[in-house]
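Below are two forms of the same protein chain, given as structure tokens: structure 1, then structure 2.
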Structure 1
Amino acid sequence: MKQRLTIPRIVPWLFLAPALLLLGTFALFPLLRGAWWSLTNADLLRTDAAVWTGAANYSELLSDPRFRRAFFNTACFALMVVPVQATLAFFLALWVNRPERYWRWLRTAFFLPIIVSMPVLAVLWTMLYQPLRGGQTGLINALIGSIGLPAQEWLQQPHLALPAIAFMSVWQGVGFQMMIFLAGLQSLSRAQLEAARIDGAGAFQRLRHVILPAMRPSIIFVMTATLILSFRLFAQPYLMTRGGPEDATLSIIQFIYETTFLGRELGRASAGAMLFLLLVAGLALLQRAFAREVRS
């Protein structure tokens, strides 16, 4: 006989109360305030004097060359990071997918930069990218110098700064994507792979006809999750280049941050934040659509 717990109607709400209270106060309420300010000319220091301006902030932003630049930079960053990181992570996962316990250290090695915080790594890579000054230079220039290439001003050149930050970000995040692929690989049935091997399928054919199709959900998850993460770019350029040189590494988030705290234009900054939210929500919907397509 099934035992059902009969509980007073208030009980579920008691369980939910702390979470609802905090989410309401610190997520929903600020979100609504931000949405409201985005439609006004609010000033950071005098929010109560805000006057309704409709969609003016939005139309101004969309034609603001600096906001467009920030969007362009962030999109470029995402386009550099996502494919490279996912491909690298995939092959790393294939490589470190070994059942023996004594191979574990290799996974840990690739996972290590995830544990180190982004501000630490941003500071560290600024030093690694240090340009040549009076005979002294960072490790990167020293390394490429040892194979005969000229030293570069990685973070001081507009065309090199964003790729340099993207390279460092790929290095930082590849271990996490590798772990997700690894989980996917481990759920792949050994019997299937063995059968393909017995049928005489080579390594490439096994990859193409057995591994890749089975890994589709993981691949889609990694690509879309990395895409969203890359659009949230902030700490690296903020610390390494301050968004420069010549706005070459200005990210969307830094644009919003500066508009708020340097320009005090709360309304404009809020509109920027809402546009950013729209972008992230769009990407998340894309992710769900892909995931659904894979399941069916």
Structure 2
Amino acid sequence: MKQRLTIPRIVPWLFLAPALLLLGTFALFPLLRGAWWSLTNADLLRTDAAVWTGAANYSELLSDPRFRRAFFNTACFALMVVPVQATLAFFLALWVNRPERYWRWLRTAFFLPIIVSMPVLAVLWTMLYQPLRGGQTGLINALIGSIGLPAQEWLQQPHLALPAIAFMSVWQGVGFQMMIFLAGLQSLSRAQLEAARIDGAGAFQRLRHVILPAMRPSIIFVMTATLILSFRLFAQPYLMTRGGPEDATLSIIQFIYETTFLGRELGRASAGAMLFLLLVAGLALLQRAFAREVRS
């Protein structure tokens, strides 16, 4: 009898064992190893000679102006991308949410940049942002020149480089958020929308009182996912500006990458990664608290 009772308790763990093994090997163990390295002076090529330094790496990072600049740039990038991309994606979803078949082609056109490799897009947009040199110029400068505005060195000016990269990122990612919003819109009750229309509610009133309340889960998911993805900024500035000019586009992940593979300061880089992990985890917890408050 006892044996029969113990079998059902063991079987679920047997099914979970492969996943737990992979999770522990490729997620939990590297996390714990990185946390240990962050408290040492570990060198990338001599990790066995690491010496315990306690919180010295963390205190040095928090007082490092370059690390603070990387954090500031990443936060500014998120503030520029998240609201613009989410808002634009929502209204694009409203626009293409039509039953006619030819509207599917427009949805595909907005979604295509998502499937293109980021290095390819980085090279393409670097050419589009090309400043006026001799008789050649990028398409963007050619367009603004056609309306009488002066050409700009988009990726060479510290005050323009990060907004230019943010604009490219909004263009590249808006199709993904649009599809999520579109899925939420297509799950709305048509009867409820029709009842609101019959009651005399205009388009804005239907949007405010019917569509937005029903779309709260999708909106919260999109805002959270976009925020986390924006803090993972690396490929765009690294390929387009190398973090310049004057560290104007340096991101946290690029700082960690350079500290690890160029400076070989594995302990310091691990401390930066732990701070980055705490930041993202804090944002996730804030999102959960906000979502719980909205639903209640």
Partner chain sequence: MKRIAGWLVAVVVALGFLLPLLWMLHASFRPESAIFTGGLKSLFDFRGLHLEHYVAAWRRAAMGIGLLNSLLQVAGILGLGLLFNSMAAFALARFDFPGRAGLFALVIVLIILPVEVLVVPLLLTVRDLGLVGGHGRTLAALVLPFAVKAFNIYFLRQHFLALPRDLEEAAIMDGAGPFRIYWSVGLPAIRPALATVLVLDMLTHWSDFIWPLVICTREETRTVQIALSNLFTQPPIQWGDILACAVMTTLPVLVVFRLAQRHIVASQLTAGIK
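None of the values given here were measured: they were computed from a predicted structure. Sequence positions of structure 1, starting at 1, serve as the residue numbers. We call the rigid core the largest set of C-alpha positions that still match within 1.5 Å between the two forms.
Sort out for me whether 1 or 2 is the form predicted in complex with the partner chain.
Here the form predicted in complex with the partner chain corresponds to structure 1.
Superposing on the rigid core, is the Cα displacement of W52 between structure 1 and structure 2 2 Å or more?
No; W52 is a residue whose C-alpha shifts by less than 2 Å between structure 1 and structure 2 when the cores are overlaid.
Could you tell me the distance the CA of A27 travels between structure 1 and structure 2 after a rigid core superposition, in angstrom?
Displacement of the alpha carbon, after core fit: 2.3 Å.
Align on the rigid core first, then pass along the CA displacement of F15 between structure 1 and structure 2 in angstrom.
Superposing on the rigid core gives a C-alpha shift of 4.7 Å for F15.
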